[in-house]
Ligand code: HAM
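Before any questions on binding or motion, here is one chain by itself as structure tokens, the form predicted on its own.
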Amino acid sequence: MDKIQSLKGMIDLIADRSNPDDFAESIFRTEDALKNIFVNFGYSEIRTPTLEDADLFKRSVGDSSDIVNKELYSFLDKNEKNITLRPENTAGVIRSVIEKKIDVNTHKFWYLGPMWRYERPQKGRYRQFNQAGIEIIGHPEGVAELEIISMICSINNALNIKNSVIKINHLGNQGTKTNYCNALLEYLKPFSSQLDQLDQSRLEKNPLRILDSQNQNTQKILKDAPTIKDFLSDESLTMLQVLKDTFSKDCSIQIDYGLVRGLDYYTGLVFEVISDELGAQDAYLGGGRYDNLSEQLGGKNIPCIGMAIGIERLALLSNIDIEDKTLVSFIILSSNFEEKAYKIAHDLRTINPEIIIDVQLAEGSLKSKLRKASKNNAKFAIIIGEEEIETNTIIIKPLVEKNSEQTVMDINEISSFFEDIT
């Protein structure tokens, strides 16, 4: 019988604690670091369903986006309703805010979870992937933009990310965006026959998306195209400069008037963070302001800004110092006293939170269990057999220092010993 394999672009993440360079371990450490940052900034967690009505993304992301045109995982359920595995989470958060009638003046949200897009798998990008993100709901343009950039700098610093650049741009209000799109359309019309099929479709639906084209010929044509800078108000241009000046000592920031991002709902500030260590697809974080999205989804006019972070890509770049906790391997040598021995392990876990106690549950010889403990980089092994239970003692065997002798210790002394372990 043929083995069932995972679907293309869907990966298993199985942590290997003994290997600090393990990809799954790096992902989990990255997620923990992000959660700490979100909490430190005063954000509340939100969890939305992974399945949503397909219309949610068609109305929010936009028909001109690659996500809707090519990448949605959509299907009919048993009631013939068209549902979609979420490709991003901003639309779901706003849907939840509208549906639950949340007080938008009191919430800043963070989330973390799986997303799905049907695209070609590549380095750091899979068809099922994980995203973390934040959404600032109900705050107009101004301080919220400063907070977003501040958090990005904090993420880069906490994860010790090298060679990254924060690219920022401003799309103005809806009127600015419309005027610029019309000017871009007029410029590109004479070149329409030179555009590939995808960019011709973008020209008809949303000319702004052409700026994001991967076609080299299109990019050559765009070199002399009008830029949005000529259509922005003095306030918008000033905001970009203020953001750059405020955080330039903490992070590398560039103003890029060609930056548009891939979703149609953005207005105002847009940004992405790139690293040349990721190759051609170099962005690992991005977002922007989306003040009109709530109305598009049937809600009130609510000013919003947010960002999303690709966990797998961020994990490739992160250089987090491994938390320096001492691993102790707990070895039980007799099945006759497993309950009593395990209760000792249970009590020890409460003494020193900086110690990880790994109870070896599998059967095996003492030699094989010590070998496993050394492979897992345990600092000590605690050994309990029938003799130790009868004499109310335990054996402590150092594993890091070679030729170190083991110690037999009265069980009543173990508390003070554990308190002093570092």
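What you are looking at is a predicted structure, and each value in this text was computed from that prediction instead of being measured. Each residue number is its position in the shown sequence, starting from 1.
What follows is about the form predicted together with the ligand, which we do not show.
All of K162, A280 and L316 with a heavy atom within 4.5 Å of the ligand in the model of the complex: Checking in the model of the complex: none of K162, A280 and L316 is within 4.5 Å of the ligand.
Position in contact with the ligand when the complex is considered in the model of the complex, options R125, H139, K177, H107, heavy atoms within 4.5 Å: Only one option qualifies, and that one is R125.
Option touching the ligand, based on a heavy atom within 4.5 Å in the model of the complex, out of F247, F129, F191, Y73: Partner contact (heavy atom, 4.5 Å) among the options: F129.
Distance check, Y257 to the ligand in the model of the complex, heavy atom within 4.5 Å: Y257 lies outside the contact set for the ligand.
Contact label in the model of the complex: L171 to the ligand, heavy atom within 4.5 Å: No - in the model of the complex, heavy atoms of L171 and the ligand never come within 4.5 Å of each other.
Residue contact check: G310 to the ligand in the model of the complex, 4.5 Å heavy atom: Judged by the heavy-atom cut-off of 4.5 Å, G310 is in contact with the ligand in the model of the complex.
Contact test in the model of the complex: D212 vs the ligand, heavy atoms, 4.5 Å: No, D212 stays farther than 4.5 Å from the ligand in the model of the complex.
Option from 215-223, 348-356, 151-159, 83-91 whose residues, in the model of the complex, bring a heavy atom within 4.5 Å of the ligand: Contact criterion met by 83-91 only.
Partner contacts in the model of the complex for 278-310 (non-hydrogen atom within 4.5 angstroms of the ligand): Stretch hits, in order: A283, Y284, L285, G286, G287, G288, Y290, G306, M307, A308, I309, G310.
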